[in-house]
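The chain below stands alone and is given as structure tokens, in the form predicted alone.
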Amino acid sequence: MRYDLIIIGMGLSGLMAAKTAAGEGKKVLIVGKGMGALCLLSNTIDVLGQFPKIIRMRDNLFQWIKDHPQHPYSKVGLEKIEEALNSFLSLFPPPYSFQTVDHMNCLIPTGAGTLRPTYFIPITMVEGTSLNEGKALIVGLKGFKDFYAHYVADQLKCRGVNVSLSDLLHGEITTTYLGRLMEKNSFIKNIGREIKKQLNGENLIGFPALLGVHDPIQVKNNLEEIIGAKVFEIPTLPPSIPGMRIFNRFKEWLIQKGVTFLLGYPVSKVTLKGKKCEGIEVSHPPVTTSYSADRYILASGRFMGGGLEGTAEKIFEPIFHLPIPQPQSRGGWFEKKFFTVSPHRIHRVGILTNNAFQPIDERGGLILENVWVAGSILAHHHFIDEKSREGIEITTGYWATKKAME
């Protein structure tokens, strides 16, 4: 049960770490108590969404690194960020690929009827970036409570309709249920015909992001052929079908490369000796199994993923018990006003690392020699406000592993 690399965390940073190590022929184990935030939140790849879409992303990143020397991007550098992003893109060749619009942020419609900036978008969402008033028909499904077509259409100044398919839908109508149904030809034909009846000169159809889990391009093409108009996906509330597609693609590729997956198994204990980790224990009651490796990547996420936990007194990292710099009182985590120019300190908390992504203390001393840290658990970023989560996870997952393999 010994590996070259053990990765703790099944999110995008952990998957990128596994891809990077497996690509170099290493024996890899990836452990996760869940499927990570990909299947909940990710629809597109945010790299840095704070900047307007008229500026090229390369220029945005260059200035950002200059202005934020402690940010995870600054530990990597511009050229290496691009290398990591290209490694991610290589996993998604056509037909289901990720694209940019002129290498700048673009605006895509959301399930709330707003437009949000993002960088890499799946091919199924590209038509939505050129949305014009009155040119699109926003389609919802009666009984599906996670997408309100009329509300979205009102915000986007388009027309909205709800299609009834009561004869075809049974039981609770969920996102995953519809995503699987969309891969059945009989369902596609019926829904396509119903949408076609609702057309009133529109040449674009905005549809919730449900166009199949496994082959969305075929579903999209079939719908377009039946309707006679272009179809694009609009992200919905969690869970995320596009995020599931990303996860499934990684998992398929990694298993082919011989990576061992332990999905649904939390790490219950680590064995440390001096400044080295000698092994981990994975608990699946009543059985506890031990695994060891030369190197370890911690990519367990923030609070939602359990990578950070909090009590009334403190915030802590529960696996390696790495130190978290924090104020003396709980009130020090927050500004006096909820809406403030400066982000609340709680949003920037995380593990301190050196430029090789090894954990360090506040004085810069190395804590563990064979452990590297990647993803949103890192300190000195606010990925929600920056709109940078996927970019940080891809970049640090890739380069922390590169450093570990040296």
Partner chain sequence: MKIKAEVLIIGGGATGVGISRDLALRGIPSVLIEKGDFASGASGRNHGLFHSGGRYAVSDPEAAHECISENKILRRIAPHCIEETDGFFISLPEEGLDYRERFLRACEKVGIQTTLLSRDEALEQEPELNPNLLSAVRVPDGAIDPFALVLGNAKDAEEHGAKILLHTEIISLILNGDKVKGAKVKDLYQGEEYFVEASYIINATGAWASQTLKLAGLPIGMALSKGSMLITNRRLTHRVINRCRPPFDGDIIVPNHTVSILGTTSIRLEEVENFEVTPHEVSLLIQETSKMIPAIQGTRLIRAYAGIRPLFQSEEKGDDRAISRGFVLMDHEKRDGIKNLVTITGGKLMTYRLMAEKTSDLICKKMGTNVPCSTHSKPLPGANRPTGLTERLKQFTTDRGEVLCDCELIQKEEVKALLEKEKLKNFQDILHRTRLAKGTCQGGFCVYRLFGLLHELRKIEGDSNKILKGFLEERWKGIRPVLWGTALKEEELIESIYKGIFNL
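Quantities reported herein were computed from a predicted structural model and do not represent experimental measurements. Numbering follows the first chain given and starts at 1. If you superpose the two forms and keep the largest set of C-alpha atoms that fall within 1.5 Å, you have the rigid core.
Although not depicted, the form predicted in complex with the partner chain is the subject of the following passage.
Enquirer: Counting non-hydrogen atoms within 4.5 angstroms of the partner chain in the model of the complex, say which of 187, 333, 92, 320 makes the cut.
Expert: Looking at the other structure, the residue within range turns out to be 333.
Enquirer: Pick from 232, 119, 147, 296: which has a non-hydrogen atom within 4.5 Å of the partner chain in the model of the complex?
Expert: None of the others qualify; the residue that does is 147.
Enquirer: Using heavy atoms and a 4.5 Å limit, would one call residue 302 a contact residue for the partner chain in the model of the complex?
Expert: Residue 302: yes, in contact with the partner chain in the model of the complex.
Enquirer: Just to confirm, residue 356 within 4.5 Å of the partner chain in the model of the complex by heavy atoms?
Expert: Because no heavy atom of residue 356 falls inside 4.5 Å of the partner chain in the model of the complex, the answer is no.
Enquirer: Does any heavy atom of residue 225 come within 4.5 Å of a heavy atom of the partner chain in the model of the complex?
Expert: Residue 225 lies outside the contact set for the partner chain.
Enquirer: How about residue 337 - does it come within 4.5 Å of the partner chain in the model of the complex, if we only consider non-hydrogen atoms?
Expert: Residue 337: contacts the partner chain in the model of the complex.
Enquirer: Counting only heavy atoms and a 4.5 Å cutoff, which of 364-372, 53-61, 348-356, 34-42 contacts the partner chain in the model of the complex?
Expert: Single hit among the candidates: 34-42.
Enquirer: If we check the partner chain in the model of the complex, which of the residues in 83-121 reach within 4.5 angstroms of it by a non-hydrogen atom?
Expert: Those in contact are 110, 111, 112, 114, 115, 116, 117.
Enquirer: Residue 343: CA shift of at least 2 Å between the shown form and the other one after core fit?
Expert: Yes; residue 343 is a residue whose C-alpha shifts (by 2 Å or more) between the shown form and the other one when the cores are overlaid.
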